[in-house]
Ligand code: NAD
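Next up: just one chain, as C-alpha cells, the form predicted on its own.
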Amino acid sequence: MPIKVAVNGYGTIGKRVADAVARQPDLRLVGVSKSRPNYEAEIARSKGYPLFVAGSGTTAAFESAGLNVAGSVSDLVRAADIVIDCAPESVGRENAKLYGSAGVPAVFQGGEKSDVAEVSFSALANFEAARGKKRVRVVSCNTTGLARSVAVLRSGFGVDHWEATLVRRAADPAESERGPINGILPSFKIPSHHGPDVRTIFPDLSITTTALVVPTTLMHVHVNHVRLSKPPASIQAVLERFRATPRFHVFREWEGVDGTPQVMEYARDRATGARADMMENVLWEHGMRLEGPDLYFFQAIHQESIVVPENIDAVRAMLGGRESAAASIEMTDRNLGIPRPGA
C-alpha cells in the first residue's frame, strides 16, 4: 500500500514537494494546506489536490473564493501516515505539537532549528540515520548543497578543513516585497549559521562559513576551499567522482554556461517536470582547481527546489521498506526526471 503523505503548507517549497509526492508510485498525496485563498490554492484545486485550511484561515474565506475545502489541518494530519511540514519558518515547531498529539511522524524543513527533530537529514550523507525516526528535519537549501558535496569529497578523499563563502540570493522570484534592490549585504555573524548546520549531519567536520546577500532571485553560489586529507593526483579524479554521484550536474566549458542565468535557462530548456527547476548541485569543470591538497570550486544551488528530492527520501527512510539510500535516490530521481549520473 502507498504511504499516505500530507503536505502542510503549499508555498514555494510545499507546492514542489506536493508535486513530487504525487509523482512517486509508492506514495499517495492525501492533501495540502493553505491558510488563505490565493492563486496557489487555485492551482492545488486544479491539480485535484484536496485542500485543507491551516493556521488562522477559515472555511468561509476559501468558499467565498469558490474553493471547496476538505477540512481543517487537523483532519489532514489524521488522514496521513506522515506529514511533510512546509509551513513558514518557525511555524513548524508549533505544528509539531499537533503531529505529536496525533501520533503522526513528520518531516520538517531547514527553517526550523535542528532540535525540532531527532535527526537532520541529507539523503547522500545519512539516509540510514533517519530509519524509523518519528521526527526528521531536511536541512536548508544551502546546507543541503554543502552536505551533498561533503559526502562526495569525504568518502573519496577525506576532508581536513572546509571553508565556504555563500553568495546568497536576496529573495525568491515571487517575493517582490524583499530586497536588497541595489546593494551587497555582508552577514556580520561569523561564522554564518550554515557551517554549524552542516555539523548537525557531520559532527566532526571542520568547517567555517561566511555569507553575503546580493540582489538576485535566481540561485545561491558557494565559493569553496577544501583541504583534502588524501588529495588525488589530478582534478580529473575529483570531477569523475562528482559526475558519478546522483544530484550533481557538472557543466563543461564549451557549453557556455557563465553563471546562474544560463543555469536556469538550461533548466527551462531541459524541463524535467512541470517546473523548470534545477534540483542538482551545479558545478563547473572550469570552476574547479586542485593545488596540492587544496581544492577550490564553485557550486550553484537552486534554493526553490534542491530540498525537494530530499523530502521524498526522508519519507522512505522513515516509513518505507528496507530500500537502500541508493535505491531510494534512484527511484525519487527517476520519477522527478532528474538525470542519472553520466546521462
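One-based numbering along the sequence shown. Since the model is a prediction, treat every value here as computed from it, not as a measurement.
Below, we turn to the form predicted together with ligand NAD, even though it does not appear here.
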Of 105, 111, 246, 231, the one that lies within 4.5 Å of ligand NAD in the predicted complex (heavy atoms):
111
Though ligand NAD is not shown, can you say which of 172, 160, 163, 240 has a heavy atom within 4.5 Å of it in the predicted complex?
172
Given that ligand NAD is not shown alongside this chain, does residue 11 nevertheless sit within 4.5 Å of it in the predicted complex, heavy atom to heavy atom?
yes
Is residue 285 a contact residue for ligand NAD in the predicted complex, using a 4.5 Å heavy atom cut-off?
no
Quick check on residue 91: any heavy atom within 4.5 Å of ligand NAD in the predicted complex?
yes
My question is simply whether residue 224 lines the interface with ligand NAD in the predicted complex - judged by any non-hydrogen atom within 4.5 Å.
no
Contact segment among 207 to 215, 256 to 264, 80 to 88, 127 to 135, judged by heavy atoms lying within 4.5 Å of ligand NAD in the predicted complex:
80 to 88
Only counting heavy atoms and a 4.5 Å limit, does any residue of 292 to 326 reach ligand NAD in the predicted complex, and if so which ones?
303, 304, 307
